[in-house]
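Given as structure tokens, the chain that follows is alone and in the form predicted alone.
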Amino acid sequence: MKATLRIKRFDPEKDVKPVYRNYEIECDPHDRVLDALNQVKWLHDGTLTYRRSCAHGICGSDAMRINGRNRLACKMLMSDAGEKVTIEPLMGFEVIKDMVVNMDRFFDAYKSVKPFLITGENPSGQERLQTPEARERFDDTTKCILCAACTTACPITWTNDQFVGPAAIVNAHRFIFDSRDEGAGQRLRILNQQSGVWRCRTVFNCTDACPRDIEVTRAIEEVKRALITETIS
């Protein structure tokens, strides 16, 4: 198939403002958008800059806006993207160059919710056992790959750089509802602050944007409910 990639380009060392440039390519309908970007970079314009690594939807590094929606370039087929594809960087973060955005604020928010198991001393000679039912309680939010697609799809993050964001709340959820963890109270206090979970307006953009099909909005609402009821179940 023939396709036109309309790519938003910006190099702060050369450009005053972003510009869109068109690239005509030939590709297979089963190629991914990442394959099309690689073709542009390797055959048409070597200055095109974007993140990519595993190319299998696991690392999350190639999240970007494709036809106005946050997607992973390595997962979206060209047949689904169409013959005219607009590619832009994620919204809400500083653009370093082309599709590459500054992720510092995103990872600072992620680290702020203590995304690790908090426990006391190890049981003597035993593992920290957990029933399948207890594991199922937070299974969905273990799938996060930190691509930032959900956070940069949230309208609140576009105007409020203090909001912790959906991805951080998802990763807090993963430990808040883990029966082995003892740090739920700490995380809930963090998320109960002005920049925390109450900034969410339940728009569902985050759920739509998630490439791992995590029910992000549901996880956020469960954290809100835990704060209101002061119970974790």
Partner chain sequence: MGECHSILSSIRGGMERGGEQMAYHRYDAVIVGAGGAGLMAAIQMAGKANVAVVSKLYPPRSHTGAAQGGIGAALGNTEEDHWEWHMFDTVKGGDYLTDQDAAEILAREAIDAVIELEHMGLPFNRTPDGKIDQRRFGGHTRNYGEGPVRRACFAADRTGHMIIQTLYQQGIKENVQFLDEYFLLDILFTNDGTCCGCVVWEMKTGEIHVLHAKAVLIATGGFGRVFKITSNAMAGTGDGVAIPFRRGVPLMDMEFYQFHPTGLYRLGILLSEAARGEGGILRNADGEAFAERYAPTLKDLAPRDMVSRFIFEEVKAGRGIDGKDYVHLDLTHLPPEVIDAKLPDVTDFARTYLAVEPKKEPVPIQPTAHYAMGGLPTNTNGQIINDELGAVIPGFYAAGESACVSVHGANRLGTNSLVDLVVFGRRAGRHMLEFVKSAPLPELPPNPEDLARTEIDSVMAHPTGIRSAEIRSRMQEVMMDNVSVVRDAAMLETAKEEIQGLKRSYQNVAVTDRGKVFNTDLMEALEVGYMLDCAEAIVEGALARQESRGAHYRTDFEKRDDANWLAHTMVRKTSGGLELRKKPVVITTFEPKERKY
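Computed from a predicted model, the values in this text were never measured in an experiment. Numbering follows the first chain given and starts at 1.
Quick note: we don't show the form predicted in complex with its partner chain, though the next part is all about it.
Its partner chain is not drawn, but in the predicted bound form it has a heavy atom within 4.5 Å of residue 175. For the chain shown alone, residue 30 is a contact residue for its partner chain in the predicted bound form, at least one non-hydrogen atom being within 4.5 angstroms. Though the partner is left out of this view, residue 48 does reach within 4.5 Å of its partner chain in the predicted bound form, counting heavy atoms only. Not displayed here, its partner chain is approached by residue 61 to within 4.5 Å at the level of heavy atoms in the predicted bound form. Proximity to its partner chain in the predicted bound form, defined as a heavy atom within 4.5 Å, singles out one entry of 146, 85, 109, 156, which is 146. Contact with its partner chain in the predicted bound form, judged by any heavy atom within 4.5 Å, is made by just one of 186, 38, 67, 193: 38. Of all the residues from 12-29, those having a non-hydrogen atom no more than 4.5 Å from its partner chain in the predicted bound form are 12, 13.
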